[in-house]
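One chain comes next, on its own, written as structure tokens: the form predicted on its own.
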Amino acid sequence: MLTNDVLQQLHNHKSIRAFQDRPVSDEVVATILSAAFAGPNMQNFQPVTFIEVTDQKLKQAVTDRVGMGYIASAPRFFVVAVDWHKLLIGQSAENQAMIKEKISSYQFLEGGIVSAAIALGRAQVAAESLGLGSVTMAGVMGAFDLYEKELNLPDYVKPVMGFSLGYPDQEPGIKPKLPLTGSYMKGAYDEDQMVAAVTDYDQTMKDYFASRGMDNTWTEHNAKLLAGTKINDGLTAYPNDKELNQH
């Protein structure tokens, strides 16, 4: 494969869950987020807002709720939200009514989530280029009611991810990923190709887990994770409560 500094950095990505007790300056944050928001998004609506949680008590409350210590311990922690509220600003009452009807459709929730994911990926690359580490978390949504209570979120603003940022205080190593045949197909979906890729990857991950004192393959690990996952019915209803995804 071809390589250069950017490609090498992308391949060397690690999720960081332990941070140094070292502040991250506002200039660094602005640099990272500026790079994140420079990327593509749905029709240039720019429907993503990072809301930094600055209250340590709230960070601890979220940590206590979702069991992720790297929220309270992170120098900077952000709730990343799909934000269609910003499209309503400056519009006439007639246009607001039209926009509300449109953005309540599923395609806008989906487009906002994809836009948020792109921004998060770019933010991680920008952070790593400056010597910082980060971790993205879907699990922080287990505390959605705390965000609603404490972050003054208007309608059409729905948190979807968490983002912890700081200088790394660990070296977790690089987790192997599926071979490219497990994520790239030509012409049509090829079930046999996917089965072969997953079978090959199972052995790779069995060796990886063994090096960490675990006896698992990837498929076994996935089944255990899913078996232990509790479905949050409140979270399922949350998009409707936020006047998103109503149709």
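Numbers follow the displayed sequence, beginning with 1. Keep in mind that this is a model prediction, so the values were computed, not measured.
The form predicted in complex with a small molecule exists for this protein as well; it is not shown, and the discussion that follows is about that form.
Original post:
Might residue 224 be said to contact the small molecule in the predicted complex, defining contact as any heavy atom within 4.5 Å?
Top reply: Result no; residue 224 lies far from the small molecule in the predicted complex.
Original post:
For residue 232, is any heavy atom within 4.5 Å of the small molecule in the predicted complex, or not?
Top reply: Output for residue 232 is no: heavy atoms all beyond 4.5 Å of the small molecule.
**OP:** Report yes if any heavy atom of residue 138 sits within 4.5 Å of a heavy atom of the small molecule in the predicted complex; otherwise report no.
**Re:** Contact with the small molecule, yes.
Original post:
Taking 4.5 angstroms as the cut-off for heavy atoms, does residue 9 touch the small molecule in the predicted complex?
Top reply: No.
Original post:
Where does the small molecule sit in the predicted complex: which of 104-112, 143-151, 67-75, 91-99, heavy atoms within 4.5 Å?
Top reply: Result for this chain: 67-75.
Original post:
From the list 125, 87, 118, 161, which entry has a heavy atom within 4.5 Å of the small molecule in the predicted complex?
Top reply: The residue in contact is 161.
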